[in-house]
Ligand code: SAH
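First, one chain by itself: the form predicted on its own, in structure tokens.
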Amino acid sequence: MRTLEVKTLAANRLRKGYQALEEYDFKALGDFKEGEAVEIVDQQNKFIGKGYLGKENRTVGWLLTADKEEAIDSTFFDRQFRIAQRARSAFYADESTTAFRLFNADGDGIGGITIDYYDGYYIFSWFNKGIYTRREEIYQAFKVAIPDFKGIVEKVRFSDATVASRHIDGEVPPEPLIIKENGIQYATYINEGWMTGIFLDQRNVRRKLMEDWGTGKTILNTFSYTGAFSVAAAMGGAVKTVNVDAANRSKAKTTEQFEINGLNPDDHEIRVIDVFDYLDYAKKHELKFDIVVLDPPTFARTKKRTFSVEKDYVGLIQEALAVLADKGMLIASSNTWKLDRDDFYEMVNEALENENVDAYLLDEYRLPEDFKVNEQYPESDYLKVMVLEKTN
């Protein structure tokens, strides 16, 4: 195991529980092998922790333990999985929700890997090649710790991976796999690329749409993907939803989500169109909506334009405000770690000021309880949802 020295500021962060290893932290990192085990010391050669190297976004590795005597082996991985499962016991017991996050990367002690539970099937997502080099040992530890799985599927999310999705063990998930969330059914497709058909981190927002906000309302759901927000709102009594996404797949996927819940998709609109083009259309036709949902991807490219949250979100909110009814509700969401909560709040405020619109912050959401985060690593708490009510 190679010993690497980090600078004083990095040493202080790591001792407080910050687990990410970043290139500028090191006195001399040099070339390294993906997955290489390392021991981290400070400038006085005092032990800080053990971890591994693997490039991922802004990080070059993760610290795994601050115990000098602890081995990073199958016993370590087994224990982390058991701890995570015990922490989610309430989710396993909840018959109304059969999909949730079992293991959330550094929040559960192993940066670079997440595991989602989909009605007995487990989906491993690997975010860097370093941790992926240990996949066989990790899978074996997982199967010992949590043996009662229906099947295991992996999603390989680092850039030079040769495969995006692959069945690993047990049964192959059916297509679609119907899961429940807050009593609502959703069709998921576990064997198709990185995405499954639903983003589990928005569960609490969908619950609120179903239980409270959506009743009797008209909803505009932008970047709608498979229409999950709209289905939740419709199940809670929304009178109409308009679902807008540029991807051709969205129409069939959204239709399916309505149908499996006994909802008539003909009562709703599903539009395959660029979101900004639809907002322009809605303005020209003086359409107004009681609720507008903005949950864009961090980055997206269509034939007509490129969208970046950092550059274009303020303009997106401004366009949405033009079609929001008086006393209407704007649900603005961002899932990029590059913006913290205060940055996002400032972007929302900038858009309101630019349009001379008054609104107050009605509610706010972060990651749900199963998406455990490391409080010392704020980038892991990436989700920001602000619910605003227009007052003029």
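The structure displayed is predicted, hence computed values, not measured ones. Throughout, we count residues from 1 along the sequence that is shown.
The same protein has a further form, the form predicted together with the named molecule, not shown here; the description that follows concerns it.
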Heavy atom within 4.5 Å of the named molecule in the model of the complex: which of Tyr132, Phe199, Phe91, Phe76 fits that? Just give me the one. Phe199
Among Ile110, Ile138, Val275, Ala320, just one has a heavy atom within 4.5 Å of the named molecule in the model of the complex, namely Val275
Specify the contacting stretch among 241 to 249, 114 to 122, 258 to 266, 172 to 180, defined as having any heavy atom within 4.5 Å of the named molecule in the model of the complex. 241 to 249
In the model of the complex, do Tyr225, Phe229 and Ala300 all reach within 4.5 Å of the named molecule through at least one heavy atom apiece? yes
4.5 angstroms heavy atom contact with the named molecule in the model of the complex for Asp295: yes
